[in-house]
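Given next, in structure tokens, is a single chain: the form predicted alone.
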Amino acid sequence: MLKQLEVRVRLAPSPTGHLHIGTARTALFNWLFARKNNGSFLLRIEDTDKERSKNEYTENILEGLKWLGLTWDEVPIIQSNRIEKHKDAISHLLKEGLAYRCYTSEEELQFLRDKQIKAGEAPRYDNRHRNLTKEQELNFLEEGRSSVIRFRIDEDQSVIWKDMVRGHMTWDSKDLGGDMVISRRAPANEIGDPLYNLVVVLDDSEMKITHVIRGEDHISNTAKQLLLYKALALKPPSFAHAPLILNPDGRKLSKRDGVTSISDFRAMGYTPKAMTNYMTLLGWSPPDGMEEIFSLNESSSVFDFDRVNKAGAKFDWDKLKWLNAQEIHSWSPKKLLGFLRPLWEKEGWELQSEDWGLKLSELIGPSLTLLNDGLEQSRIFFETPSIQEDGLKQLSIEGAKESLKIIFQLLEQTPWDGKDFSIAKNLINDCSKSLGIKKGITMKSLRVALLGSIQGPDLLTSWSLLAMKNSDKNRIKRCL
């Protein structure tokens, strides 16, 4: 019996910015596939862009993945630590005649591109230095020219592979833009910094990656990389190219569309489960009979690429908000308090007690869409609100202020500790009967005094929370 191949997948982000939702969705698909197949999900930090790579971005990426629950199975690989191995591979390609030094200057390349664009042609390198004589190369060296190193791409072949999302794929090598640069420009006889398409092949092979799962914008890179696998005599992995995440206009979601990083979504008050739930639905359809709301473990048990769409997935804010609200509404007051407490502490607000915090969480929880909504909805219990226009109108009604005066007097005689709700109900009833007014006038006026508006959460529970802080009487008194 043949031994089943262990699934090994990876996320390979560049630490040149915060964790983007597109990168996070790629990580999610990799993680789900690994868990479905009892495989390993690995990380490789591709930090070879020395100018733009920053440690703070690496930390942001790792923290974002942890927050989403996308844990990895081995110590992350740092790509820059492997540069010498990458250069050794380039030396091997040069020695075998599979790569060569190209001395074409940046000015000459730009002139070539401008000429091709003017002629209505796709910009491509014309391979002019592919077969330099020793004399020609010596002349360039005497001129002091630096060189990049290019990998030879024969233009009379087709690159073919079976994509796990898109099926049979064919790419004509003549459409790959000419011989491919595999190292940056460097002085004569030196090898410059190795470039993406080469190093990703070497690193994936070294990490024994069996499946490369990434966005469809990498399809042309796959064709180039398969040629490198062949030249280096390495076994290629299987490939899956997921659809891109699009904005409402059908273009690739970018920073111009506003919030795109996972840390931004987190700061806005989205929950980890809602984010992974929604990102899974961005390009993947659950099996028949499966609810739209699911956990990571539930989706990983049924995830496969047969249900990944080829078309781009449009980002839907309303759907994400709905999922987030459903998640928050499913929480216990204790769990919600754990998320709200840091927001309150950041504002300098102190809890009256643990029980008080639980009651407030229970009160506002059903009305929250984002966790940050809990900041504004709870503000009135920590800070005395101003009286809104609808409140001022209510207080001008006959009997409104009179009812507040009586309730204040009753509270002065027998303060309410906020525990027995029957006491508050009796206060309202007694007040309304003594003035001969509708109970609704008393309740609305009391709501204005306590909360600043006739709109708001449950009156008796709100009053209870304020009474527990001994702040109810002062709020009523200010309206008299």
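From 1 onward, residues are counted along the sequence shown. Since we're looking at a predicted model, the values are computed, not measured.
One more form of this protein exists, namely the form predicted together with a small molecule; it is left out here, but the text below deals with it.
The closest heavy atom approach of residue 150 to the small molecule in the predicted complex falls outside 4.5 Å. The closest non-hydrogen atom of residue 344 lies beyond 4.5 Å of the small molecule in the predicted complex.
In the predicted complex, the small molecule sits beyond 4.5 Å of every heavy atom of residue 336. At least one heavy atom of residue 14 is located within 4.5 Å of the small molecule in the predicted complex.
The candidate stretches are 405 to 413, 86 to 94, 373 to 381, 194 to 202, and the one lying within 4.5 Å of the small molecule in the predicted complex by heavy atoms is 194 to 202. Only one of 129, 266, 145, 218 comes within 4.5 Å of the small molecule in the predicted complex through a heavy atom, and that residue is 218.
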